[in-house]
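Before any questions on binding or motion, here is one chain by itself as structure tokens, the form predicted alone.
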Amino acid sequence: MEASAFRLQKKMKKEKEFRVTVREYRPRDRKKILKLVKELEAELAEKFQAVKIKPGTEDCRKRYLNPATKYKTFVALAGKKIVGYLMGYPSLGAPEVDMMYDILPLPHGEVPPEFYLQITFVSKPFRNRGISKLLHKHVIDYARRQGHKEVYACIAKWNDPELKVIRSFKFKEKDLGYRYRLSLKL
């Protein structure tokens, strides 16, 4: 076996031994999350070559990772390396309406009834290890502790890996044509 192949095999074995943990996003995680966003965009551009993918790193930086907004991000760490994330937010029940507000238009202290799971991503080398499921479990528990009555997601029908994870939590499904609305009562 060549020396480089041996090092790669050894590195892969080490990566499998990492303990995976989930925690809330911290501002110092921003560069690592943005790197994962670029990885996601590259995958989507490859999968949907006929579609022009609008770069989302600037929106992510200014909107989703801004602590002054309603958005919550959770990160998955393999050892000390951020390998995935899940972004979501307290919701009034309709993503189309929710997207208009970065700060919820509710009286102070009132908890919206729902928590929307907007996007989940795990870096390719770390997939199929239960990381997405761990992220979802953590966020469902978080939503329950915050007092939300339901967690939901709207997922494109082509997104089989995400649908598999969501369905494993027994979310109820509603067919919306090209996507599903999946809901879990808490």
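Residue indices: 1-based, along the sequence shown. From a predicted model like this one, the values you see are computed outputs, not experimental measurements.
Keep in mind the form predicted together with a small molecule is missing from the figure; the text below concerns it.
- Segments offered: 59 to 67, 152 to 160, 137 to 145, 25 to 33. Contacting the small molecule in the model of the complex at heavy atom distances within 4.5 Å is 152 to 160.
- In the model of the complex, none of the heavy atoms of residue 38 sits within 4.5 Å of a heavy atom of the small molecule.
- Under a 4.5 angstroms non-hydrogen atom cutoff, the small molecule in the model of the complex has residue 164 among its neighbouring residues.
- In the model of the complex, residue 43 approaches the small molecule with a heavy atom inside 4.5 Å.
- Using a 4.5 angstroms limit between non-hydrogen atoms, residue 128 touches the small molecule in the model of the complex.
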